[in-house]
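A single chain, nothing else alongside it, follows as structure tokens in the form predicted alone.
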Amino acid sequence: MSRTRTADVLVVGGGVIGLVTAWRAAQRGFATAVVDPEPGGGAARVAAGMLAAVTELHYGEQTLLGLNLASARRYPDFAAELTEVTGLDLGYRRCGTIAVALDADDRAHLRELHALQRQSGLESEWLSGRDCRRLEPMLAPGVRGGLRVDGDHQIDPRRLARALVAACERAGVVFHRMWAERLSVVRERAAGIRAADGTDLAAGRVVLAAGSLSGRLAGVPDDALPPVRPVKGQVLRLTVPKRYAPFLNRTVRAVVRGSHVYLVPRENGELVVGATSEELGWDTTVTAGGVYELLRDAHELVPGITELPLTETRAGLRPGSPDNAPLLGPTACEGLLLATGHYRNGVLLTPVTGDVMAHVLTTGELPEEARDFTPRRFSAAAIEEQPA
């Protein structure tokens, strides 16, 4: 027999996006609950935690850049607040990033990226190969040049997720550690969810923040169903023995034979290497090929990496959207909001997403900085209105 419990706001999904939404909602005075079998899990367990608004800039994503920068600016205060509330260290480091090139083609690509960054008003400094190696002596002798971006920082996503769970608990958020099976819709309005064990959870509003699984919740009307897909990423973790420290001082990124690779050094001696990007549906298998390619590319970049112990291999699923940007705010279904589709920027966009969703829940309107990311941009009517 099912039991009914009520909340003002019910968040489906306990990854960093769902957790920050719940925390901020509870701070605004809403009775808030989260439905997730393992709060603090999700894609963040695989993410490297690069807060790289500048070096992650891609052509055609200048609109997303504005949101990324807004969130990056929030991070110092956000991290300080979360640590003050929970007493937990988030592994937030303002160490900066260096993106390097290993051959003439990569160098040309980086030069184009540098020009785009400058056109976009971003701060980055072009370095010679010698300058790169002076900053990071472990880099390969063949490095041909690079970009120094002191404003791109990092955080440990696993610590971030743990801290958000703790912050939610302190704010009175109720956790239902179970799967959400179906959205309950009453008189064309979202009214809660039915859990996998048959429990009915009633709510004034439902926020769907289930990452790549957001499009699979049964009962969501077709015109409100988020167009998100899973994009597989494989990542490795190595340990830097104290005799090698400091192995790297900052995050190092590169394109090697057309594949992106990054190395993110943690203060605790962990070194994260990633990440593949594979359109393979729901497959989360760690493959020998994926591990080999990451190690091969990382070795070309930093030859000394093969001396380090390999401590973990993992694969996860990023929530991709049609334009690689998040879906934030109200949907065509009254009472149903989305906070999903963050793709490779979920950790970076955590602070701004919490603020945006709290604003929407309080006022009913998206703030100016988030209006380009309404889920309604993918409705049939919106697509028909776009110029040919």
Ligand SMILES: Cc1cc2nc3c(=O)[nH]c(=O)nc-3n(C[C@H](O)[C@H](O)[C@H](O)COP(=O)(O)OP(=O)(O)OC[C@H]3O[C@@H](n4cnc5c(N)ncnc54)[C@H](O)[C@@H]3O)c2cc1C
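Values in this document were obtained by computation on a predicted structure and should not be read as measured data. Numbers for residues come from their place in the sequence shown, where the first is 1.
This protein has a second form, the form predicted together with the named molecule, left out of what is shown; the following refers to that one.
A.B. asks: If we define contact as a non-hydrogen atom of the residue within 4.5 angstroms of the partner, is A166 a contact of the named molecule in the model of the complex?
C.D. replies: Because no heavy atom of A166 falls inside 4.5 Å of the named molecule in the model of the complex, the answer is no.
A.B. asks: How about P375: is it within 4.5 Å of the named molecule in the model of the complex, going by heavy atoms?
C.D. replies: Answer no; every heavy atom of P375 is more than 4.5 Å from the named molecule in the model of the complex.
A.B. asks: A70 versus the named molecule, in the model of the complex: is there a non-hydrogen atom within 4.5 Å?
C.D. replies: A70: no contact with the named molecule in the model of the complex.
A.B. asks: Would you check, heavy atoms only and a 4.5 Å threshold, whether G346 touches the named molecule in the model of the complex?
C.D. replies: Yes, G346 is a contact residue.
A.B. asks: Pick from A224, L213, I305, L90: which residue has any heavy atom within 4.5 angstroms of the named molecule in the model of the complex?
C.D. replies: None of the others qualify; the residue that does is L213.
A.B. asks: Could you tell me which one of A298, A275, A190, I98 places a heavy atom within 4.5 Å of the named molecule in the model of the complex?
C.D. replies: Result of the distance check: A275.
A.B. asks: For the chain shown here without its partner, which stretch in 357-365, 41-49, 328-336, 25-33 has non-hydrogen atoms within 4.5 angstroms of the named molecule in the model of the complex?
C.D. replies: Of the stretches listed, the one contacting the partner is 41-49.
A.B. asks: Going through 109-139 from first to last, which residues have a non-hydrogen atom within 4.5 Å of the named molecule in the model of the complex?
C.D. replies: Stretch hits: zero.
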